[in-house]
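Here we start with a single chain on its own, the form predicted on its own, put down as structure tokens.
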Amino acid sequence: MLNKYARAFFTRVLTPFAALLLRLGVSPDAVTLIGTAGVMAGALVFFPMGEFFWGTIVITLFVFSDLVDGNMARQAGISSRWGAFLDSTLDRVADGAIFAGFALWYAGSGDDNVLCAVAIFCLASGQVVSYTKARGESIGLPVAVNGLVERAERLVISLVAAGLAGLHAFGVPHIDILLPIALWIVAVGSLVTLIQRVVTVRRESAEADAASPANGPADR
């Protein structure tokens, strides 16, 4: 839901920066790779140590590469299937690193097996939510549904909560409760989104098969 509005806004804001990088000879693929590496470093170095504030700052600095690389490709007229594939694939890697960082914290110094499991569920469900749409589209279905919690919502909810929870280290009392709340919200929202997409694909596939019963997919 946030994608539609946030992307349009940040695309306008980041266009001059994308143009500057192109003038400096930086490629869109390089921005994609550097951005993913930065997100992974912020998540897997800072989060397992409980440094949620600084981890979120580092991740935020790099997460906008997801918008910059596409903007650069469009400005340069070099948009390609490879670029789209690389961007989408590394998005999944970055998302996984963020929730893996939360899981590592709760499995270690955070000492909470339930929240560790919730973080792992957020990681897995986020990947499956993305897969259901990609797989549905690969067999010719539109998958015309806006899920309750898609990638943008997962990132905003979890990172804002993590950043605020990190203020506990600076003496703000009780604010660390925001991260567990956010993880539960993302977990439940991702499950709802997964169900929405599965139901949509089921309906669309039934309609497509009814329209052309002889042309359904041969295998599963």
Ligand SMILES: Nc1ccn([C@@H]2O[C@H](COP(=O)(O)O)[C@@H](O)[C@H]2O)c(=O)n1
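Each residue number is its position in the shown sequence, starting from 1. From a predicted model like this one, the values you see are computed outputs, not experimental measurements.
Just so you know, the form predicted together with the named molecule exists too; it's not on screen, but the next bit is about it.
Engineer: Even though the named molecule is not shown here, does residue 110 get within 4.5 Å of it in the predicted complex, heavy atoms only?
Structural biologist: No, residue 110 stays farther than 4.5 Å from the named molecule in the predicted complex.
Engineer: Looking in the predicted complex, any heavy atom of residue 84 within 4.5 Å of the named molecule?
Structural biologist: Output for residue 84 is yes: heavy atoms within 4.5 Å of the named molecule.
Engineer: Please tell me whether any heavy atom belonging to residue 70 falls inside 4.5 Å of a heavy atom of the named molecule, as the geometry stands in the predicted complex.
Structural biologist: Contact with the named molecule, yes.
Engineer: Please determine whether residue 124 contacts the named molecule in the predicted complex, using a 4.5 Å cut-off between heavy atoms.
Structural biologist: No, residue 124 is distant from the partner.
Engineer: So, a 4.5 angstroms cut-off on heavy atom distances: do all three of 28, 66 and 79 pass it with respect to the named molecule in the predicted complex?
Structural biologist: Every residue of the spot touches the named molecule in the predicted complex.
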